[in-house]
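In the block that follows, a single chain appears as structure tokens, in the form predicted on its own.
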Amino acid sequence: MISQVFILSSKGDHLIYKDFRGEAGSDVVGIFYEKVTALTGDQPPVVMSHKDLHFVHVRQGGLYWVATTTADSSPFTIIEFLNRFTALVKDYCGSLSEKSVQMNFALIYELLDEVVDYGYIQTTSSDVLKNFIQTEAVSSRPFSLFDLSNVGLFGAETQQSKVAPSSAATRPIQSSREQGGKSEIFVDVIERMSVVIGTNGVLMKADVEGEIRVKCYMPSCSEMRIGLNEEFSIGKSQLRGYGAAVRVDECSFHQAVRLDEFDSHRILRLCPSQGEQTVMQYQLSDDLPSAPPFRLFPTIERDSGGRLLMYLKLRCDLPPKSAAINVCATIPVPKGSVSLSQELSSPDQSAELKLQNRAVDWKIPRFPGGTQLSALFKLEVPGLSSASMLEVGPVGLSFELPKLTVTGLQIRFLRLSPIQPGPSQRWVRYVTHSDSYTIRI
């Protein structure tokens, strides 16, 4: 049972506040923000208490989405509700940000009135809600299919992120009516890598988590068929044929997916609802079908002047026609480091010493496959000793790989029935990004 729902900005500004049961005063908003900001670290607990009141919150789009309860409610139920509510707001408003919430506060209040009744959750289905929601969304930025030069799939602003129309999928689901019934559907294959590479360059651990995500702007679509690789296997026991098999260890599907053609033809059938939904999730553990995308060759030593020298060569082992974007290597350095001088192999790179994090951030906007970049860092470290040199590393990499999946999973075809009247567009996009990519040195 939910007492209140409110949305706060990162600065504590009240954006949305709804009291369903009148069991607590409006001062709980300030109490929650004081408790969150008083905590040390970047990850406050999801559930916090004040007297008899319990706060449950998630952080999405830089905002705090909070529900309060005084009863013995299941925190997992409320967390799931908040996650689904943020997904609803994203579907109806187009994006999750302080600006979009401010511009669509009337729509969000209307959603809350339909989703929760006197503290009891009613529904979070966009298909059900579209019959009751009348308020039109206000887009926080004008929509343009051609404005793709500075928007990445995950919101990264970079001129290299020309990987399908990312901005096209961040508009309200109701906007299809404003565009004269234009039909569009987006299928994203998203993978996250967790890799540990030892000091000898040997791959020690590799995990890949992936999902197929559909966002539908179809006014009406009775069925969609998604064809995967014919040699897609789940577990080693299902390897079949002589083709290049795409293997995963585990796989789960949305409840709306029909699997009667999956075993024989690797086809997913579903009736997509308007908005965004994850139709399939999969995982591959302790195995990669190809070499890791990056190799690091470090040299750490001390020069005659007592400075710490770090010479790093980073090699991108992607195919030559591919490229990684938004690459950032974070190198922990000894305590007491005061200044940094650098020599980089290309002018588009940059590096900065983060004293608060005790690390050097080496940033590469675009890294083509089959190439190698290098950097020489000279650190002033008063009292540098052999023990303090051991504080260097391990190196953490973050990156995005557009138009690429590590597992090799591909969409063979995307078919809609019945055939949609008028112009319709279907977009399939692939991206892999680092969840945790660690290189020991």
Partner chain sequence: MPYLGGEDTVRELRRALSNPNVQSDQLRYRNTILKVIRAMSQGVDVSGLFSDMVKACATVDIVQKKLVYVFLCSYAALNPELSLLVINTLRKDCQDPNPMVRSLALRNMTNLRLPSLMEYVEQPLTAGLRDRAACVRRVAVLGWAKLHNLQPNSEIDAAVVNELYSLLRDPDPVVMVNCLRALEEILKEEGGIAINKPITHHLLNRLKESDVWGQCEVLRILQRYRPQSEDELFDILSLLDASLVSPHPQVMAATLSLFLSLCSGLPAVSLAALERVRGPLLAACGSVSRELRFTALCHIQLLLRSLPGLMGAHYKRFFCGYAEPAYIKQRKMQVLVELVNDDNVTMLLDELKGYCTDVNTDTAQAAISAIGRIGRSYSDRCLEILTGLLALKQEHITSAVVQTMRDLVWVCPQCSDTVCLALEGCEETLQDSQGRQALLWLLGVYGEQVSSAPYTLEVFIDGVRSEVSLGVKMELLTTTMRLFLCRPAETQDMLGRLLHYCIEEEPDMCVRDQALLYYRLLHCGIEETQKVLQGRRSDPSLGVLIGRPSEPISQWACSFNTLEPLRQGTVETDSTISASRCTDASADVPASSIAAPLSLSLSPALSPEEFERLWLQRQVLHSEQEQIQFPAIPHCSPQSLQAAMQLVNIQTLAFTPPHTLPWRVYLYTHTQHAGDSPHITLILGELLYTGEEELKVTLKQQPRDDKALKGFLSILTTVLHTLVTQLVWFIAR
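Bear in mind that the values here come from a model prediction, so they are computed numbers and not experimental data. Numbering follows the first chain given and starts at 1.
Form predicted together with the partner chain: not shown, discussed below.
Contact with the partner chain in the predicted complex holds for none of 127, 257 and 339, as no heavy atom of theirs lies within 4.5 Å.
Exactly one listed residue, out of 77, 233, 183, 229, brings a non-hydrogen atom to within 4.5 Å of the partner chain in the predicted complex: 77. Residue heavy atoms within 4.5 Å of the partner chain in the predicted complex occur in exactly one stretch of 362-370, 315-323, 199-207, 264-272, and that stretch is 199-207. Remark: residue 276 does not count among the residues lining the partner chain in the predicted complex, judged by a heavy atom distance of 4.5 Å or less. The partner chain is not drawn, but in the predicted complex it has a heavy atom within 4.5 Å of residue 106. Taking the partner from the other structure, the partner chain in the predicted complex has no heavy atom within 4.5 Å of any heavy atom of residue 405. In the predicted complex, residue 414 stays away from the partner chain, with no heavy atom inside 4.5 Å. Residues of 69-104 placing a heavy atom within 4.5 Å of the partner chain in the predicted complex, in sequence order: 69, 70, 71, 72, 73, 74, 75, 76, 77, 79, 80, 81, 83, 84, 102, 103.
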